[in-house]
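Only one chain is given next, in structure tokens, and it is the form predicted on its own.
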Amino acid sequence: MKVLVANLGSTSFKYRLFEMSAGEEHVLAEGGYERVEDYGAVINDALDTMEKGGAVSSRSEIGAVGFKTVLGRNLSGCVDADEKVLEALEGFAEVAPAHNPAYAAGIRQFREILPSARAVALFETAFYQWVPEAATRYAVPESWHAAGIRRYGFHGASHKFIAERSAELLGRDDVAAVARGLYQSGPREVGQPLRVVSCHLGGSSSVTGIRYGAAIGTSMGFSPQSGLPQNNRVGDLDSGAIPYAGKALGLSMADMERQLTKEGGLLGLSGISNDIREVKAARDAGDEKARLALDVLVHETRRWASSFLFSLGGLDAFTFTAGIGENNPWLRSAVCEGLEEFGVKIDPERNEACKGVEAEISAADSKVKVYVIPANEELVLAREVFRKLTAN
């Protein structure tokens, strides 16, 4: 079965075409577009490119299109991308403005352009369906909770891949099997506990605690604006700061929303850039604001990572993934500094040699395995779409 994974941003479109079967997974084609104004045009261009390149002889060969949808009102999981999905996306469009409108538009376009392909949505919140209720609730009035205000969690496909791959690397095929079948069978406790902290550090970052292949909590909450500082999003912020800033600075709600989502994070702290490479270069040249921006990112990563240890009851693996986590040895070293008493010890040479590839970077005498595992969200999505379609 050919499964096309569609990754839609507010002005971008990326795709990857997989050949999926019970025993094999192959990438047949991939590409992307930036500054997209007409999704229909780029979708058609991508399909034409795949035909011309020989990935498909006809676009009708594509059996399914998978969408990595972010957040839906009253809806999660791996589901057919039907009208309920569109309503759920539009119901939370204000919560995820950079993602939900784009996915709603993209799903409609694909359904028109590829009517024979089954459209499937895998929500980023799906990995957190079994998080204990106490870890999902805010201490807000019941009416707020009834309106949908709770911790949802994001980067679900990325952290699910870590759940599967870390179990495989640790020789725990039993847990890996549970993680792979999570959306079909739910969580199960098998054998000894396997306890993992997954750090997805990129333009958007989050930390998730994983036990027996299932999430037990995560740093992101109601919206993707929460948790760690992002490239230009603020991350965690005391709610009392918003009305105060409005009065003190004379800002409207729209002004504050723009500044917190587009002028915060690494950009807001450094005043230089939202690109960690440029911030680090400035720090290395002696810029104090740049130093502070990176210190805050390290501090918040460590804070959230440590917050899951009691619930996990220990730690077997500590992982880094996504662009920043995979390619910056200095950041991994800073996050793990001084944790030897907790069993976390990095091998400096292994760490320095690892950039963008899978590797164990822990020292030989480290009680906790430390891994760099490149993100593969598209593969997770293709697998889940294939499982869903072959199951019913």
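Numbering starts at 1 and follows the sequence shown. Because the structure is predicted, anything quoted here is derived from the model rather than measured.
There is another form of this protein, the form predicted together with a small molecule, and it is not shown here; the text below is about that form.
Considering the small molecule in the predicted bound form, the lone stretch of 105-113, 211-219, 188-196, 274-282 in range is 274-282 [heavy atom distance within 4.5 Å]. Though the partner is left out of this view, N327 does reach within 4.5 Å of the small molecule in the predicted bound form, counting heavy atoms only. At a distance threshold of 4.5 angstroms between non-hydrogen atoms, Q259 is out of contact with the small molecule in the predicted bound form. Contact between G268 and the small molecule in the predicted bound form is not found at the 4.5 Å heavy atom cutoff. The closest non-hydrogen atom of G31 lies beyond 4.5 Å of the small molecule in the predicted bound form.
The single contact residue among G91, G203, G148, P101, judged by any heavy atom lying within 4.5 Å of the small molecule in the predicted bound form, is G203. Screening Q129, N231, S311, S223 for any heavy atom within 4.5 Å of the small molecule in the predicted bound form leaves a single hit, N231.
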